[in-house]
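A lone chain, given as structure tokens: the form predicted alone.
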Amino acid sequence: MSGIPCRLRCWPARYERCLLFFSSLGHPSGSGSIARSTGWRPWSSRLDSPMNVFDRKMKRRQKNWASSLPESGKYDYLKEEVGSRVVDRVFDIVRTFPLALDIGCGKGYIAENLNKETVQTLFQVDIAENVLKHPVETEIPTYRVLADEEFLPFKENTFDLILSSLSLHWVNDLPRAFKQIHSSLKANGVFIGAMMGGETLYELRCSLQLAELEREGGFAPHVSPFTAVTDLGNLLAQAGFTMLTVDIDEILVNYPGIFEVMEDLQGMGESNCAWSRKPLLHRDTMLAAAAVYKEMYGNDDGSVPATFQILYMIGWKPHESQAQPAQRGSATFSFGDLGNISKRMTKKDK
């Protein structure tokens, strides 16, 4: 699939600079207007691609609904924490990035932790318009763009840094998304991201499956599928990234019970949106799942844990200034001689 979303909206009104980076877009017609691409592309639907696990329209509605809640901020704790950990990895790179992109920015969980000394200008992209209308404050000049993360509307070699926090696990075609990110980076640019891993919410998944088997004689997937860490490095390498770093972190959050877990997932906009999801759960099944959850995973104080496995990734776009591996056969010392190093050192000392 190729092309870009059918509509892109930028905030603030001074969006002319932003549009310079869009590929194949019409000229802006005025303050606050909608920019449309000449290659029109609707939001992804079930029939668009064989790699279509998630209903992107549903995910957009979920995020818009979550951001419209009166106290939506109380559900931001996980995204705020992961966003700060992504920025910690940015600070490990001693360099100033003139232009950066945040994919699936949400309210700006990454932007609120950045500073002008590290990032000079930031573009934020998200699929949900309500999220973009209520951003957190940041000292960096920021431009917000309404676009689907699966179809990035930017030219090649545009950004020095691309970031993403807890968004890419909802992308249908992850290999293609990584290739788009790689294409949008300048040479020697870096991509730093975080996404949910395969062991996320395993307690909830097991409890619901056991309860459904016992009450209904079968089960349906109620927790969305996530990428395994063993696949992530290969996908990044296939997209063209070099000097890869992939690491795992687990965040454990305790809740009063299973219903509070599911309520917070809804408030985060992280409810299941897989096409294969079951439309509803019976009351008896939910009560049974709550009992199973407490019995199998409950804490001594009566609370229940929920595990969020976070996969962090760093990949660089190749450049001639980067360190290169030595040519094959250029080694002057054999691995077979490693055991004799101490003997040789002793002889030299004598």
Partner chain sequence: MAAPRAMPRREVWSRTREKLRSFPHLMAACAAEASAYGRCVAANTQGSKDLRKDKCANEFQALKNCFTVNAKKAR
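Residue numbers count along the first chain shown, from 1. Quick caveat, the model's predicted, so the values are computed rather than measured.
What comes next is about the form predicted together with its partner chain, which does not appear here.
Not one of 73, 91 and 194 is positioned with any heavy atom within 4.5 Å of its partner chain in the predicted complex. With a 4.5 Å cutoff on heavy atoms, residue 301 does not count as touching its partner chain in the predicted complex; it lies far away. Although the partner is absent here, residue 295 sits close enough that one of its heavy atoms falls within 4.5 Å of its partner chain in the predicted complex. Not displayed here, its partner chain is kept clear of residue 268 by more than 4.5 Å at the level of heavy atoms in the predicted complex.
Looking at residue 98, you'd find every heavy atom of it more than 4.5 angstroms from its partner chain in the predicted complex. The candidate stretches are 122 to 130, 83 to 91, 274 to 282, 156 to 164, and the one lying within 4.5 Å of its partner chain in the predicted complex by heavy atoms is 274 to 282. Proximity to its partner chain in the predicted complex, defined as a heavy atom within 4.5 Å, singles out one entry of 66, 313, 288, 310, which is 288. In terms of contact with its partner chain in the predicted complex, the residue from 202, 259, 226, 77 that brings a heavy atom within 4.5 Å is 259.
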